[in-house]
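Before any questions on how it binds or moves, here is one chain, the form predicted on its own, in structure tokens.
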Amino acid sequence: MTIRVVMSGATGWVGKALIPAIVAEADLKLAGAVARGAAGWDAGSAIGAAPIGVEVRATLEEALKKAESDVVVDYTKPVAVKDHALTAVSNGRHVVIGTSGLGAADYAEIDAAARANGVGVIAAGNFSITATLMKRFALMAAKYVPDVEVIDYASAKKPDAPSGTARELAEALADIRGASTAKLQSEVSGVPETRGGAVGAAPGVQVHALRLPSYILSCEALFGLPDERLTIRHDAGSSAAPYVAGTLLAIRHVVNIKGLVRGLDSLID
């Protein structure tokens, strides 16, 4: 079976790496590409490669009308990703979401729409294998160490905070860790906001988002017990290559599910 893919965010950082990877796979076919600034271009030419015979469209709606497809992959922007996901599932397409910025309520809405339309959605804050392992190991640690906080590092220009990686991690930690011994933010004097933001089921896990030049994306979970600490950290490099393999894995799995699955860790076993 050949899986026909529409790449939304075709000329973005990850999109430029994914398009040639999709074209190179025998069981995948690039059926469409979306990038408003490159509309009308050949998708290959738009990313600085050889032409591949797929025209870039300005909108996802146009791409879905122009080409038969099975899966939409979205690596666009936080302001667009939810509408793209709902548009895709309402048109009977499965979706892989690599864009960050969505919260639990957004994912619940997408899950309901996907189930109503009989399609699958896989969303991950990070499709890197090592980032996925960071989450896996952190969840293992949280079963034994309830005091945990997350530090999220990204570039000064990143438009959302926390990152999808940190938000997904904190929400998962909040679901399984025991009661923290730290004071709640409402009980702290001084400038309580410096304690970070609580993410996940109440009382949540504190997340501290740093936005500074020279960072690409890093995320660490810090655990504390009396007289000992544990840090589990992931650092991303300067290329999008680490996200390709995980996204291809998600494309191949999403056609076999119904509703929303969050996190690449649900697939790696």
Ligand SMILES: NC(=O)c1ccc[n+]([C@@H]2O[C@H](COP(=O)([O-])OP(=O)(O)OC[C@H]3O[C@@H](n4cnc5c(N)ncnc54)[C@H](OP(=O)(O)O)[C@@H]3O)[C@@H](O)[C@H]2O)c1
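We number the residues from 1 along the sequence you see. In this text, all values refer to a predicted model and were calculated from it rather than measured experimentally. Note that the rigid core is defined as the largest set of C-alphas that superpose within 1.5 Å between two forms.
There is another form of this protein, the form predicted in complex with the named molecule, and it is not shown here; the text below is about that form.
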| query | finding |
| --- | --- |
| The unique member of R195, R115, K77, R136 whose heavy atoms fall within 4.5 Å of the named molecule in the predicted complex | K77 |
| Candidate site W13, G37 and S100: all three near the named molecule in the predicted complex by heavy atom within 4.5 Å | yes |
| Partner-facing stretch of 176-184, 147-155, 195-203, 77-85, counted where any non-hydrogen atom is within 4.5 angstroms of the named molecule in the predicted complex | 77-85 |
| Exercise: S163 in contact with the named molecule in the predicted complex, heavy atom 4.5 Å | no |
| Contact label in the predicted complex: F223 to the named molecule, heavy atom within 4.5 Å | no |
| In the predicted complex, A124 touching the named molecule (heavy atom, 4.5 Å) | yes |
| Large Cα shift (2 Å or above) at P159 between the shown form and the other one, core-fitted | yes |
| Core-aligned C-alpha movement of A39 between the shown form and the other one reaching 2 Å | no |
